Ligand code: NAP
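Read the single chain below, which is given as structure tokens and is the form predicted on its own.
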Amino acid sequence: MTSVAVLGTGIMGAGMTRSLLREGHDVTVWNRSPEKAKPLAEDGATVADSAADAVAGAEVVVTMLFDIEPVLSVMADVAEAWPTGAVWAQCSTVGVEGTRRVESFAAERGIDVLDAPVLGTKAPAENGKLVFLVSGPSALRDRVAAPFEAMGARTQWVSETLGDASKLKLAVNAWIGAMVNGVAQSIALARGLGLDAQQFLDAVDGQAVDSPYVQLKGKAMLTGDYTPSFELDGVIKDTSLIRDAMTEAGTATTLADAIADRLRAASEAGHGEEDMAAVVHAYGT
């Protein structure tokens, strides 16, 4: 059993907490909005009044927050109370420059840190089926192995270089953004041409171009069920990080720019807090 502090109990952090608790880990949680953390007490978590209280005595500290500014703000609050020997698993999607700032912050304070973004949304987080992408010193692996196993189906150790996992996460999220927007475009086109858009999903079903994600997001677009597993505004934030990384890498941003444009249009139409499948509304019919 590992003592774990989870800082940030939104959609992902709450699911990760429940997965840890199911496997018998001792979990303390904190969230800036306390009402999002309190329900986890019913699942067996200790709800702390402050982030500093949450990390006291922890062996692993997980940050799952929206972006780099809240990550560093919260970590600044807990740095003085940092328990000896604890490992910081930085799971938030903060981009290339954000991870450099994480590395600098940890080095200045003598904190052991792993860059550990995850693949998966609400259901994988709740069911312990996330994929962890991890970079950083291999000497820290054994100290986080049990919590990562509880929260994830697989851990992919990317490299010893802190930040490489976040780079890979951006590459994967670029593909996810393209795929969801591609499905939205095809469904809108089918509808605009007077077809039942279910015919599109039926046509690709089981083919090489199909995937469970195509069917999942396509069904949400057809039914209008946008219960968030990955909020559209979160995808906008990630797409901005992807575009920054592309600029640094010297790769063309043409597709990412188009995706960002459609995501913004859907958000401005009132779909920002809905699932990213709601981007279909930015494609017309």
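The numbering used is simple: start at 1 and walk along the sequence shown. Here the structure is a predicted model, which is why all the values come from computation and not from measurement.
One more form of this protein should be noted, the form predicted together with the ligand, which is absent from this view; the next part is about it.
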Do residue 62 and the ligand come within 4.5 Å of each other in the model of the complex, heavy atoms counted? no
Does any part of residue 135 reach within 4.5 Å of the ligand in the model of the complex? Heavy atoms only, please. no
In the model of the complex, is there a heavy atom of the ligand that lies within 4.5 Å of any heavy atom of residue 226, even though the partner is absent here? no
Is the gap between residue 243 and the ligand in the model of the complex 4.5 Å or less for some heavy atom pair? no
Of 87 to 95, 145 to 153, 101 to 109, 186 to 194, which is the one stretch near the ligand in the model of the complex, taking non-hydrogen atoms within 4.5 angstroms as near? 87 to 95
Since exactly one of 165, 201, 174, 74 fits, which has a heavy atom within 4.5 Å of the ligand in the model of the complex? 74
In the model of the complex, the one of 50, 247, 33, 254 near the ligand [non-hydrogen atom within 4.5 angstroms]: 33
Kindly indicate whether 12, 70 and 237 are, all three, within 4.5 angstroms of the ligand in the model of the complex, using heavy atoms. yes
